[in-house]
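Just the one chain here, the form predicted alone, laid out as structure tokens.
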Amino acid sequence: MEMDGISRVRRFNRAVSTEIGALDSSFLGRGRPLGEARVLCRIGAKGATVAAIRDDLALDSGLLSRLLRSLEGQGLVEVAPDPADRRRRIARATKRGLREVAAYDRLSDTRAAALLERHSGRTWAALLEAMDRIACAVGAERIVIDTADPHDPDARQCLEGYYGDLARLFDTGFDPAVSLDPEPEALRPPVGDFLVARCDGMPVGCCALKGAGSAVGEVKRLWVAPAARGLGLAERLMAAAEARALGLGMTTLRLDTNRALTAAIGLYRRTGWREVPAFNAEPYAHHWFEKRIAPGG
């Protein structure tokens, strides 16, 4: 009998909880359960506010307090008021705690490597792709969009993904050297910006805002990683770009796109962009759009 969706999710949950040792009373053999280990590793070398730990790990305040007290009792963590704002508390790992974090990292790397060694070739790649997709799906609410420099490694990784997708989708292929690729200076404040979306630290999307110090700007290089597609991230990136454009004094945005990008074209039309005559000589463009973003406009 074919398993239904709920049964398949529960089967997956059982497999993962067994693989990662979630059921072990001593996670990775270090003498404490998974919950304590996760909190300790989240604190890490830099320390963290108690509020940030609670939000990042989605923990109840009472449970987090008990976990922190246990870690303090083991001499692994110290919790004290933040000198800059005594209403907040900061947790920091002790020297012993840092040694435990390093040990967890080594053991976790070893276990991950052992899992990958059981697979090879295309199976190995498919496994990682599935893991990325699941991580994004369950962590969709934690995807954050921040400003990045266009030369930042995460920004470059997104752009490489974008260029690769276009090369596969366009009838003529895609060469960034032929395209009207914007100069990095046009994508930096105070004239423009570059936005990167991250899911638990992994870059999963980008959107560039090209400016020249005028009231008109361009949206460029909208891309979402395959693992994060279907989560509404492209629309979030476009909304973030519009909000940033307003903050930079822009009142009108433009963009160009290729006819092969049907999903993107549908998004633009659905979110208030109108098609206009060509405003540039982009060799890969078939459609040009414009949108007034001024308040009340």
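Owing to the predicted nature of the structure, the values given are computational and were not obtained by experimental measurement. All residue numbers are counted from 1 along the displayed sequence. Just so we're on the same page, rigid core means the largest C-alpha set that superposes within 1.5 Å between forms.
The same protein also exists as the form predicted in complex with the DNA; that form is not shown, yet it is the one meant from here on.
Which of these residues, Leu267, Ala260, Ala239, Leu63, gets a heavy atom within 4.5 Å of the DNA in the model of the complex? If I apply the 4.5 Å criterion carefully, the residue I get is Leu63.
If you check Gly249, Gly44, Gly230, Pro33 against the DNA in the model of the complex, which one has a heavy atom within 4.5 Å? Only one listed residue qualifies here, and that residue is Pro33.
Any of the heavy atoms of Leu253 lying within 4.5 Å of the DNA in the model of the complex? Looking in the model of the complex, residue contacts with the DNA do not include Leu253, since no heavy atom lies within 4.5 Å.
Would you classify Arg89 as touching the DNA in the model of the complex, given a 4.5 Å non-hydrogen atom cut-off? Judged by the heavy-atom cut-off of 4.5 Å, Arg89 is in contact with the DNA in the model of the complex.
Given that the partner is absent here, does Asp105 sit within 4.5 Å of the DNA in the model of the complex, heavy atoms only? Result no; Asp105 lies far from the DNA in the model of the complex.
Is there a heavy atom of Ala234 no more than 4.5 Å from a heavy atom of the DNA in the model of the complex? No - in the model of the complex, heavy atoms of Ala234 and the DNA never come within 4.5 Å of each other.
Residues in 37-52 close to the DNA in the model of the complex, defined by a heavy atom within 4.5 Å, in order: Going through 37-52 in order - heavy atoms within 4.5 Å of the DNA in the model of the complex - the hits are Val50, Ala51.
Superposing on the rigid core, is the Cα displacement of Ser179 between the shown form and the other one 2 Å or more? After core superposition, the displacement of the Ser179 C-alpha between the shown form and the other one stays below 2 Å, so no.
After a rigid core superposition, would you say the CA of Leu68 moves by 2 angstroms or more between the shown form and the other one, or not? The answer is yes; the displacement is at least 2 Å.
Is_shifted Glu36 between the shown form and the other one (CA, 2 Å cut-off, rigid core): Yes, its C-alpha moves 2 Å or more.
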